[in-house]
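Listed next as structure tokens is one chain, alone, in the form predicted on its own.
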């Protein structure tokens, strides 16, 4: 028998077919549950209780004001297997130390210094598009490639996709396994002698070897990339260990590559369905950028581009669910109690569509992010990068990168959806489009 949760409405799944639906279409399932049962719902999944919280005051309590009373849930085990104990997966004193050491690398001046690298990678991709001409392609595949290149160069000072091909493949194998492992209802030990587990162990060995070599090489150099900054960061306990550098490098490579690619992919998907908005984004890019290559400061001069990105992330948040577990019994602002160890879920997908905060929540309307229309909206109704002390450290980096890429592409190309395809999402660690997004690019003007 499960626990009792006074104050939570019971929406238990009692049929075997419910669990596969949740795994396949989790965001929409949770949205239906919230609309049917309210902002505090207990969902029984097999032998596990999942507490869905969709009230912004409750979300603020868990993620911000009482964040130190909660840990990441056990479902992050898949990420921990691949990333180690980096900022996304570590807890307590280790997390606080690492956050303090890594934070300077993401200050505005540091991000501004990395913007030319983002621009160069975008320009190289566009050179290839010009050489190929108007063509059909998978926009998600293209965004994954260019953001991986940007992540490699800004983090390591190397183009991982070109110089170390096996690393790219190993990275994809590791992330795919981590995603499946996190979703598994009965995960096996990582040493299990099964083909996928063996492939994961081989991929991790490749990644560990490559990262160890890069770290060793850079420890004796000054370096102006993110890894160099982390290597030379120090506090009263000294510098990071090689293992911690490896874990943070893996974490930043994964977070800085995957989430931005997902956000951009869905942005182009939405723009293809709203040609008037796509035209306006293209016009803004041509007017502001002219024939120049942008830098970080240009982001402030592209307000519509920024609003479009925010609206795309509202409707398709790259990270669609965050989970916490309280160390001790806790009480929400409403007085509803959360027993220690309970799995608490806060879904940006649900919050971003909550009728209490959004008019026409399913509609694509970038103008809802103008200053005038944003006034009065609770800031915790929109959480694309999380909130509180564990807010995504690379949020500003991601927005600069995504804005530069979107503006440079929109200045030159119109992307339209190929007919006859059914684009869905895979609700894993991120919300990747599946099986991809097939588009055709044509020259603007």
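Positions refer to the first chain, counted from 1. The shown structure was predicted, so the numbers you read here are calculated from the model rather than taken from an experiment.
The discussion below concerns the form predicted in complex with protoporphyrin IX containing FE (HEM), not included here.
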Protoporphyrin IX containing FE (HEM) isn't shown here, but in the predicted complex which of 305, 119, 259, 342 has a heavy atom within 4.5 Å of it?
259
Just to be sure I understand the contacts: of 57, 391, 36, 418, which is the one whose heavy atoms reach within 4.5 angstroms of protoporphyrin IX containing FE (HEM) in the predicted complex?
391
Answer among 133 to 141, 327 to 335, 191 to 199, 69 to 77 for heavy atoms within 4.5 Å of protoporphyrin IX containing FE (HEM) in the predicted complex: the stretch 69 to 77
Report yes if any heavy atom of residue 99 sits within 4.5 Å of a heavy atom of protoporphyrin IX containing FE (HEM) in the predicted complex; otherwise report no.
yes
is_contact(residue 397, protoporphyrin IX containing FE (HEM)) in the predicted complex, heavy atom dist at most 4.5 Å:
yes
Interface membership of residue 366, protoporphyrin IX containing FE (HEM) in the predicted complex, 4.5 Å heavy atom rule:
no
For residue 106, is any heavy atom within 4.5 Å of protoporphyrin IX containing FE (HEM) in the predicted complex, or not?
yes
For the stretch 362 to 387, return the residues whose heavy atoms include at least one within 4.5 Å of protoporphyrin IX containing FE (HEM) in the predicted complex, in the order they occur.
384, 385, 386
